[in-house]
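Starting off, we have a lone chain in the form predicted on its own, written out as structure tokens.
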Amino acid sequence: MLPSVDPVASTGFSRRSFFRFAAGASALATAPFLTESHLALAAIPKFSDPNIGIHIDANENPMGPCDAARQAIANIIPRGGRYLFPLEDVPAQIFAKQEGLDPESVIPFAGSSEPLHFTVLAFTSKDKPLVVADPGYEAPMWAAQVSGAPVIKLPLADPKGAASHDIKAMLAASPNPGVIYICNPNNPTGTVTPHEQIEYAVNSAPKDTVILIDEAYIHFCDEPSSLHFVKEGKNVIVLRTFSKIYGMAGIRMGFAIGRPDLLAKIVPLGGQNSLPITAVTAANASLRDEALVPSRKKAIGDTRTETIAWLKSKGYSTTPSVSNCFMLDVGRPGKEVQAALAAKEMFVGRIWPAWPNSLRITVGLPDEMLAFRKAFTEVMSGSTAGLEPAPLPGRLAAHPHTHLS
């Protein structure tokens, strides 16, 4: 039986709540930042519609919230006229108890995108660069643009094989990095960096460098978590989200986990906004559902394995993913294949300039992946000449980055 937390016993503002509601917002926090949903939308050609076709483009979980989370949302709706501040700390308390963490080391956010950006803003500058893997999740680089920090991109090690972070190269890239970002499993490749390599990074980085470990996809794999570095007092911030295996991308809930003194530097950047009570109650229910993670891990893993095996049987190469996405080498410009698939209302993920012939494929429901096989077969047997995605919309077009397709 998973531990429970009595919301009544948690009334009153903790130090975490004080930072959230009383610290005030920095000017940096008002700068716009991008999430996976923004980046996925930017890559969809102009003739697409989010409500049309099959979307395996944003690393979403089409299963949605578990039944218990849905019921919790329904139950809390009548109380939606209240702020219910005391409830906001409950998911963090549950999580801390489950993981053996100090509750003061866990801060709740509306997803993990906010603490990701705030960590980069807090610890990088023009003299303290951000170090990332390439291809890797682009959001930290947008945050670095706001802080004025240089971005150092290092190719993944063994790109045709394990495609893991090249930890030694990342450590050697700068004498004083502000943040070294490690997404494990990696987005977009779905590959893991062995835990001993991450441990080497934590123990070898300069004393003022923060190792930001994004564990958005950790539940899909068997790799050990990095939460123990927080327990050991290391210069580490770990990110967790309910957007992936928990199926709550549109509901928005996540955690930043780190030493309280590190968290104290990022929380004030978040301003004074409260968390949605629907997200809080859904997170509580999800954490208490003991069957949720293992059952979804198996279901998504089985579909991923079947899809990759089929692609390999057709002569295509993929990354050895253990996540809910993988990179598929199509052997020709990826943008052309992406656009041709979109013309069939099959929307796949974007292209990273470092791997221009590869597409990121999100693992959808079994019937969605069967539909992908059909559309992919048709596209690859025909011509894709002349098909190109639409230009980046809105503010993405106004701020072009070489790491965006």
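So that there is no doubt, residue numbering starts at 1 and follows the sequence shown. Keep in mind that this is a model prediction, so the values were computed, not measured.
Although it is not shown, the form predicted together with pyridoxal-5'-phosphate is what the next lines describe.
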Notebook entry, point to check: in the predicted bound form, which of the stretches 120-128, 236-244, 296-304, 147-155 has residues with heavy atoms within 4.5 Å of pyridoxal-5'-phosphate?
Noted result: 236-244
Item checked: 4.5 Å heavy atom contact with pyridoxal-5'-phosphate in the predicted bound form for all of E36, G111 and L116 -> yes
Note to self: To verify the annotation, which of these, V179, V267, C183, M327, has a non-hydrogen atom within 4.5 Å of pyridoxal-5'-phosphate in the predicted bound form?
What the structure shows: C183
Check: Which residue among N187, S226, T281, S105 has a heavy atom within 4.5 angstroms of pyridoxal-5'-phosphate in the predicted bound form?
Finding: N187
Note to self: Test of understanding: in the predicted bound form, would F95 fall inside 4.5 Å of pyridoxal-5'-phosphate by heavy atoms?
What the structure shows: no
Next item on the list: Indicate whether pyridoxal-5'-phosphate has at least one heavy atom within 4.5 Å of a heavy atom of R252 in the predicted bound form.
Entry: yes
Next item on the list: Answer yes if any heavy atom of F220 is within 4.5 Å of a heavy atom of pyridoxal-5'-phosphate in the predicted bound form; otherwise answer no.
Entry: no
Check: Contact between D214 and pyridoxal-5'-phosphate in the predicted bound form at 4.5 Å, heavy atoms?
Finding: yes
